[in-house]
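For reference, the chain that follows is the form predicted on its own, supplied as C-alpha cells.
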Amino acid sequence: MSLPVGVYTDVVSAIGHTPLIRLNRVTAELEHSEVWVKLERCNPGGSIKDRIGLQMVLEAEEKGWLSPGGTIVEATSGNTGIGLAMVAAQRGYRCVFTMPDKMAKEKIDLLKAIGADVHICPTDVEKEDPKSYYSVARRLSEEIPNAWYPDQYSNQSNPLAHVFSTGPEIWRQTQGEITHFVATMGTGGTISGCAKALKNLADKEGKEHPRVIGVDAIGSILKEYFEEGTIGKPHTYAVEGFGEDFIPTATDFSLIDEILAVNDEDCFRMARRLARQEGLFCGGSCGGALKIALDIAEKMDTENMKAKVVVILPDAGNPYLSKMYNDDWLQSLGYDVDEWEW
C-alpha cells in the first residue's frame, strides 16, 4: 500500500526531495535573472550529507564491507558524520568520528547526542601527519574490530548519491530551465554528481548544458589545481565545510566549467544577510555559494541576459551559533560587525 505524500516508514526514507526556493529580497535589483536555492537543511539530519551517508552505507551493506553490529569510522567536518550517525542509529551500527579542532562545538555535541564517539584532531597539519583527522580515522578503522572506513573523499557512492537524487530533483524542479549550477567544493561529490546528472538530462532532452561553477575557499588548493594543474600550499581559513588541502578523488574536475573562490568575510556576511533578508538560516558555506551565485546573476543581468541560477545551500545555521552568528567570535577575527549592512 502506498503511503500519503510526506509520510515515511523510517527516518532514512525522508532523505532528499528538499525544496527549491526563489530568492526575492537579496535579488531585488536583478531585472532579468533569478536565483533559486536548494535548501538541504530540510534533510532529517540537517544537511546535504544525509544523502551520501545513506548511499555509502547501502553500498557497504551490499558489498559486505559493513556487517551487523559493525562500526563506522570516518573523518568528517561534521555534516557527513551527522548523516552517517543518523543512518547508523536507524540500522544498529556504532560510529566513531574524527574531526579537526576548528569545527563548531555544536557539531561535536550533536554527534555525541546521536551516540557517536568523537576524536578531535589538530587542523593545521598535513593530511599524512599521524595526528591529522584523516590519519587518525584510518588508524582507528584498522584497530577497531569489524570496522568500516567509508572515506567520503574517495568513495564513489558520494557523487553517485547526487546522480541518483539531487541532480534529477533540480532538473525536475526547474523543468530543465536551469542555466547555471553553483555548489561549494570539499569532497567534490555534490558538484560532480549533480553536474553529471544535469548534463545527462540536458542531453536526453536536447537542451543546452547548465554551466557548472564550483566555489572554493581562499586558503584551499582546489581552484589552483583546476586552473593550473598544480597543488599549491594551503593556509588555514575560518569558514567550515568546504575547501581542501589535498585533491579528493571523489571530484570529477572534467564536469566543472569554472571554479571561483570566496573569503571568510564574504561567507559570513552573505549567510547572515540570507537570514536577515530571506529568513533562511544557513551555514557559512551557504553564504559563500550564494555570494558567487549572486555575482553570476548580476553579471548576466548587466549583459541583458536571462539566467536561472540554482545554488546548493548545504546545511543549517544552528551548528554555527557560537561562531559566525556570534558577534564576539566575529570580532575576535577582526571583523567590525557593526559596519555590516543587510
Ligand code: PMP
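All figures in this text were calculated on a predicted structure; none of them were measured in a lab. Quick note: we count residues from 1 along the sequence shown, nothing fancier.
Keep in mind the form predicted in complex with the ligand is missing from the figure; the text below concerns it.
Against the ligand in the predicted complex, the set G16, Q55 and Y149 makes no contact: no member has a heavy atom within 4.5 Å. Residue contact check for F242: one or more of its heavy atoms lie within 4.5 Å of the ligand in the predicted complex.
At the 4.5 Å threshold, heavy atoms of G189 reach the ligand in the predicted complex. Taking non-hydrogen atoms only, N79 approaches the ligand to within 4.5 angstroms in the predicted complex.
Although the partner is absent here, D50 sits far enough away that none of its heavy atoms falls within 4.5 Å of the ligand in the predicted complex.
Residue in contact with the ligand in the predicted complex (any heavy atom within 4.5 Å), chosen from V262, M185, I72, C194: M185.
Residues of just one listed stretch (309-317, 37-45, 270-278, 23-31) have heavy atoms within 4.5 Å of the ligand in the predicted complex: 309-317. In the predicted complex, the ligand lies within 4.5 angstroms of a heavy atom of only one residue of 281-299, namely S285.
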